[in-house]
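Read the single chain below, which is given as structure tokens and is the form predicted on its own.
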């Protein structure tokens, strides 16, 4: 009987290891351990074994039974791991939740496209700047009263600071590029401000600079009016008025009618009915001379605008703080 058990075991091992699926394994299990199975039959016949051999045969038969049951279970588990559920690849999948561009990024991209059509190149500049490039090379020496309008955040006094305007990129461009050129740049600026509905300590600006022979205020006005009409719409009211900026001479400002009150006056426009969109003018002769240009041969214009107010105008946002306080509506 010992030989029968070993023979049945070896045969069963070969069948189990060569099985192709769980259905085949289940049939092997029935053939071994079912009511008329081989191992079941051997267990029934153990009573025929002589008394002095029963213990030895019983142990061998139990070990065989456990070995075969264990191997069947392992094979079944291995088939489960390899099973892949069928799916129809033509069925549309579940779209993941993705974010959108921030309103400021949307506006910057649109503005870049308008100015690229006018021949402007896109530049970038560092948010950390030196006093020389942020002020002095822009006709703002240390004792200039206009500095008091910009409470700067210093990293290392008195020379290293967070730029207070994107005009610092203008000085870098005037130093490195050779005319003729036209560039625009967008980026963050920092000032110590009393935060309210229309002012924030961190804000975005958009800067433009052009330098070549023969540029005049007419070129500047035409550039800005074209941009304003393309970006804000041809039905918006625009005004061009005299202003003072130490970086440019002559200086001008461009205003748009307030979309919130339709010119009647509100908290956003501070009761004036107009929103100041940008400051501009011809690059000051002192700046050009500082970079070695002959002002009788070369002229240029520059403009800078607060992007946050333009974003507010575009998306009808009444409080500038909503843009950067984590409000999910604007993310």
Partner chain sequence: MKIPLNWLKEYVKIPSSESDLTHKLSMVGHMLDKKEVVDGQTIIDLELRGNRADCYSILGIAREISALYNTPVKNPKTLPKLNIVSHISDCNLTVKTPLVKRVMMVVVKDVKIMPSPKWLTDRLKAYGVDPINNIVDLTNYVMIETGEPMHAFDLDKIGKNLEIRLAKNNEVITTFQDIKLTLTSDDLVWAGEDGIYSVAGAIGGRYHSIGDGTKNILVEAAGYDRANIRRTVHRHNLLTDAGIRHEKELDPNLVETAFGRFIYLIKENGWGKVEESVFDYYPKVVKPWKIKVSGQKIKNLGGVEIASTQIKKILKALNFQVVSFKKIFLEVLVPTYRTDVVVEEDVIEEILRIYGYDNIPVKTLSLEIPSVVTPKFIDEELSVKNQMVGLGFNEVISSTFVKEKLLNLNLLLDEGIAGKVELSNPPSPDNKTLRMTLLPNLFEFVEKIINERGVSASLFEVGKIYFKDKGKYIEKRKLGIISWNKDGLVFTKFKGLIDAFFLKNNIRELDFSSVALNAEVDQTFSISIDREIVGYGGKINDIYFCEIDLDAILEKVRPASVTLWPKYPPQIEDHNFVFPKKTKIGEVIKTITTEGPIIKRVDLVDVFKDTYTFRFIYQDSEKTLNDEEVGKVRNKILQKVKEKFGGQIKE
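Note that the coordinates shown come from a computational prediction; the quantities given were computed from them, not determined experimentally. Positions refer to the first chain, counted from 1. Between two forms, the rigid core is the largest collection of C-alphas that superpose within 1.5 Å.
A second form of this protein, the form predicted in complex with the partner chain, is not displayed here; the remarks below concern that form.
Of the candidate stretches 256 to 264, 220 to 228, 68 to 76, 87 to 95, only 220 to 228 has residues whose heavy atoms lie within 4.5 Å of the partner chain in the model of the complex. Remark: residue 241 counts among the residues lining the partner chain in the model of the complex, judged by a heavy atom distance of 4.5 Å or less. The closest non-hydrogen atom of residue 64 lies beyond 4.5 Å of the partner chain in the model of the complex. Heavy atoms of residue 206 never reach within 4.5 Å of the partner chain in the model of the complex, leaving it off the interface.
Contact check for residue 19: every heavy atom lies farther than 4.5 Å from the partner chain in the model of the complex. Residues of 249 to 265 lying near the partner chain in the model of the complex, listed in sequence order, are 249, 250, 251, 252, the criterion being any heavy atom within 4.5 Å. Remark: with the core as the superposition reference, the CA shift of residue 289 between this form and the one not shown stays below 2 Å. For residue 269, the Cα coordinates differ by 2 angstroms or more between this form and the one not shown after the core has been superposed. For residue 99, a C-alpha deviation of 2 angstroms or more is recorded between this form and the one not shown after rigid-core alignment.
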